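Quick setup: one chain, the form predicted alone, written in structure tokens, and binding and motion questions come after.
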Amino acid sequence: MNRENKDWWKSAVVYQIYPRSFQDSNGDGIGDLKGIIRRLDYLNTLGIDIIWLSPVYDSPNDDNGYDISDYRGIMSEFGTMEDFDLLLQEIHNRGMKLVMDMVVNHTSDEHAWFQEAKKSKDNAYRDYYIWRKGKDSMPPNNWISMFGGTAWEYDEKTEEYYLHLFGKKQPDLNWENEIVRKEVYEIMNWWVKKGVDGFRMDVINFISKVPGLPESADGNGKPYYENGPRIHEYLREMNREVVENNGLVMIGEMPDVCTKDAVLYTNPARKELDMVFSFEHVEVGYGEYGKWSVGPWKLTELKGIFGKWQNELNEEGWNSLYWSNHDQPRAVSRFGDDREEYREVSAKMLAVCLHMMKGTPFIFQGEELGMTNTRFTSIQEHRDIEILTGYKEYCKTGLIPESEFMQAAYEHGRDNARVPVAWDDTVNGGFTDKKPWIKVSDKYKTINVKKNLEAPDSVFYFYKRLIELRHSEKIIVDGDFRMLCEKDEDIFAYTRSLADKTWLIACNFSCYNRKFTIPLEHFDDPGVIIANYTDFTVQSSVIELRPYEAVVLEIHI
């Protein structure tokens, strides 16, 4: 895949690796860079084009690497810079690309910049961060952090507060400071010179804050730091200083971004980003307390969200397509059916539904195996800072009964994604031969790589076929999208059309047989492109879809 083609990432499939949970090579219970190198042929067999690597930089690991203390260093638990250089070389040797996870809204409080900044108010690094005086022994404003509690931490030595939109060990950088921006671009260019092929920019729409940092009505400061007044200016500057002429792919994680904003961010003429991660679709079913409550959701909600993003970014901009990542539960448990009777077929159905849409699809490690959520028996088994702080905020204060919180953590929590990949049915799934940093799935003996590779009809080989189709069929990359039967609560169906070719995609999201009438007036001789039941046949305009059945038909109109 040649980076000289400026749109090389449009036909690509991305695989996210969460290094801590991918493969341990040295027996310390933690995944590492040498472990990733060991498994590159597996990813090559799957057909992956781009590897997105979650942070491997030096970090005290308060938020699993999303708190960086040295942007030019590798966390010792993961290996050395020599290990990274070899990993990059081996990825490129196999014709794949590497995207680094870059976190520049905040650093760790153990970063040298912050260590200097807190020494005194007149320190040269003080303005690298956002400091304010308190108000009547209270924080400067009432903003609540993303992990709960105040977004401000008091520093006794200098008698001021610093802003942290996430954990208190993650102070926000001051992007108003031109020197900070130059430092960030120098860091990114340092990695570009090493040969990395792009960046996934963590919460990048948080970097521009409204001047004055106003109070909010209810403690929700998002209106004052999401998609702020200078965000487009900063992104164009970043593009100019880092991306231009390097053929990189730039992916922006953007909580609460809407389609109107996304068109601006990803319109190539504006030279900002190539695609953004939105969160609308993964937040269906959130209840009174957000992800810590479990509420009902309908397929029509999900279709409405996907349809909106597909339609409104069809002509300008570009979509990222994902069910899962390091911040989300397992797709089969969340949107499919993880009962063993339906797990594999629903995993394949979800893959069809997503990978046939317009945009660049992302696979999170283990998704291609049909991995499911993991039941943690107590809060002590959890490792995620978001879950642990949420437990203190909601359970310790009596807002949510512990049993309800633990159920919500099971259904929505991030630790589901962080359970190690199971490579075989040996101890700890072949991830490590020592105690793993987080518990392994209790299903590792039945859901693992070895079993998938030995079964020709496995979830793995189904994903492989979908990837091969994307590489060979322009209709998947460039075809127009049209949602069908929008009010149906069981069937997710749409068409993709390019020139004189039309494909119909129909997916049954229920565990019941459902009849689906092809809602097109004139067509004949449909051919099966791919289906998750091996004996699918079509004889008329009425199709009976079995539980979680998915089919892609080429129809001649």
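The shown structure was predicted, so the numbers you read here are calculated from the model rather than taken from an experiment. The numbering used is simple: start at 1 and walk along the sequence shown.
Beyond what is shown, the protein has a form predicted together with a small molecule; the following relates to that form.
Enquirer: Within 4.5 Å of the small molecule in the predicted bound form - does that hold for a heavy atom of every one of D63, F147 and D327?
Expert: Checked in the predicted bound form: all three residues contact the small molecule.
Enquirer: With the cut-off set at 4.5 Å between non-hydrogen atoms, does V103 touch the small molecule in the predicted bound form?
Expert: Heavy-atom contact with the small molecule at 4.5 Å: present for V103.
Enquirer: According to a 4.5 angstroms non-hydrogen atom cut-off, is Q170 in contact with the small molecule in the predicted bound form?
Expert: Result yes; Q170 sits at the interface with the small molecule in the predicted bound form.
Enquirer: Could you tell me if E253 has a non-hydrogen atom within 4.5 Å of the small molecule in the predicted bound form?
Expert: Result yes; E253 sits at the interface with the small molecule in the predicted bound form.
Enquirer: Would D202 count as a contact of the small molecule in the predicted bound form, using a 4.5 angstroms cut-off between non-hydrogen atoms?
Expert: Output for D202 is yes: heavy atoms within 4.5 Å of the small molecule.
Enquirer: Have a look at H382, K464, R334, R414 for me and say which one sits with a heavy atom within 4.5 Å of the small molecule in the predicted bound form.
Expert: Going through each option in turn, the one that passes is R414.
Enquirer: Only one of F306, F364, W152, F166 comes within 4.5 Å of the small molecule in the predicted bound form by heavy atoms, so just point that one out.
Expert: Only one listed residue qualifies here, and that residue is F166.
Enquirer: Considering the small molecule in the predicted bound form, find the one stretch among 430-438, 281-289, 229-237, 414-422 with heavy atoms no farther than 4.5 Å from it.
Expert: Of the options, only 414-422 has residues within 4.5 Å of the partner.
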